[in-house]
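Have a look below at one chain only, the form predicted alone, in structure tokens format.
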């Protein structure tokens, strides 16, 4: 399930932090990076590596929005709809993504390429509207710019 490099990274994380609880968030990040989401098997493995109850791992994973507990598309689009982005057209961009790519909030395109998550704020008010694609940040969005950006990920 996990690559050798991920297993090594999890061991390094476990050794770096003074307690298992302190190591949990970075360990979940590594687990999620492996397959794009945290499957029950991945969470169980993290619990085993950190020697902590599975329920604690599952509880933390399901609490934070940054962890995905269900399969996601190959690339995750996180579009901000907070005040600055909303005023500058983010809701229109959500409609565009729905119509152009068949993406519903929390959904995935039929080809499994993209998933869409609406975010409250990604800290890009100065270049609103803004979004993340995976960990890449984009601002000053328009419909045309979104098409151009998403083509890079295909």
Partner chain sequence: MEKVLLKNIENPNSHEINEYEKIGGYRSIRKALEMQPKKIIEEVKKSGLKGRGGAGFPTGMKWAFASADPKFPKYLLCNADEGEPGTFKDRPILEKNPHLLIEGMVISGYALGAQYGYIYLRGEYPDAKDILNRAIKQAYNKNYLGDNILGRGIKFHLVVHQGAGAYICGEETALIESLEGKRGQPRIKPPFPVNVGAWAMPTIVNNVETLSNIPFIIEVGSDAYSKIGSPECPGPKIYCISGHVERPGVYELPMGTRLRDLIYTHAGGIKGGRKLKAVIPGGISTPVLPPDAIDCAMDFVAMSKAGSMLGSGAVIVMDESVCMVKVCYRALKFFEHESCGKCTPCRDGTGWLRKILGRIEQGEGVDGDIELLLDVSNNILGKTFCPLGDGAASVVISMVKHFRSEFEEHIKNAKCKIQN
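Rigid core: the largest C-alpha set superposing within 1.5 Å between the two forms. Fair warning: this is a prediction, and the values are worked out from it, not measured in the lab. Positions refer to the first chain, counted from 1.
Although not depicted, the form predicted together with the partner chain is the subject of the following passage.
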Thinking of 7, 72 and 109 as the candidate spot, does the partner chain come within 4.5 Å of a heavy atom on all of them in the predicted complex? no
May I ask you to check whether residue 37 falls inside a 4.5 Å heavy atom distance of the partner chain in the predicted complex? no
Heavy atoms within 4.5 Å of the partner chain in the predicted complex: does residue 67 have any? yes
The partner chain contact at residue 142 in the predicted complex, heavy atom, 4.5 Å: no
Wondering, does residue 53 line up within 4.5 Å of the partner chain in the predicted complex on heavy atoms? no
Just one of 47, 86, 113, 94 has a heavy atom within 4.5 angstroms of the partner chain in the predicted complex, so which one? 86
Considering only 13-28, what residues come within 4.5 Å of the partner chain in the predicted complex, judged by heavy atoms? 16, 17, 18, 19, 21, 22, 24, 25, 26
Using the rigid core as the reference frame, would you say residue 138 shifts its C-alpha by 2 Å or more between the shown form and the other one? no
